[in-house]
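Here's a solo chain for you in structure tokens, the form predicted on its own.
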């Protein structure tokens, strides 16, 4: 039986997208956004889990609770607070983008510009926060 379409052997070979060195993934920024969304979600979950545990310490042993809270007052913890802020901000903005892509009729077509908007908003908010928080940590560590 004759076919009007070319077989795979007769057709020209499919061109593969160039792969970034050091990665197995062949995609683009959207995939890294997906990965970052999952990672920031897990990090935020673990923060909330630890927060519930350390808050529960106040009922078990107020002295242990005070010790944990004093640990959190160390200037090095400001770096972790900055990481938490960065994770929560990205996760929130990217979550709004994901909802728009899923539920807005123009979302799939505009997902790339929305991703760039998320990244720009995240940078606009995280850079001043980072400067402020790191300056506070440096002041507490080295005096000022």
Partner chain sequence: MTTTEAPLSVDKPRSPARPAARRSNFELYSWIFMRLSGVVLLFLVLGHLLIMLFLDGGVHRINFAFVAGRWASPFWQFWDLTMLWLAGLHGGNGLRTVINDYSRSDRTRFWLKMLLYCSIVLTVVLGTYVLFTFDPNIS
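Everything numeric here is computed off the predicted structure, so don't read it as measured data. Positions refer to the first chain, counted from 1.
Beyond the structure shown, there is the form predicted together with the partner chain, which is absent from this document and is the topic of what follows.
Though the partner is left out of this view, residue 52 does reach within 4.5 Å of the partner chain in the model of the complex, counting heavy atoms only. The partner chain in the model of the complex is not approached by residue 116, whose heavy atoms all lie more than 4.5 angstroms from it. Looking at residue 108, you'd find every heavy atom of it more than 4.5 angstroms from the partner chain in the model of the complex. Interface membership of residue 29, defined by any non-hydrogen atom within 4.5 Å of the partner chain in the model of the complex, is ruled out.
Counting a residue when any of its non-hydrogen atoms is within 4.5 Å of the partner chain in the model of the complex, the hits in 28-43 run 34, 38, 42.
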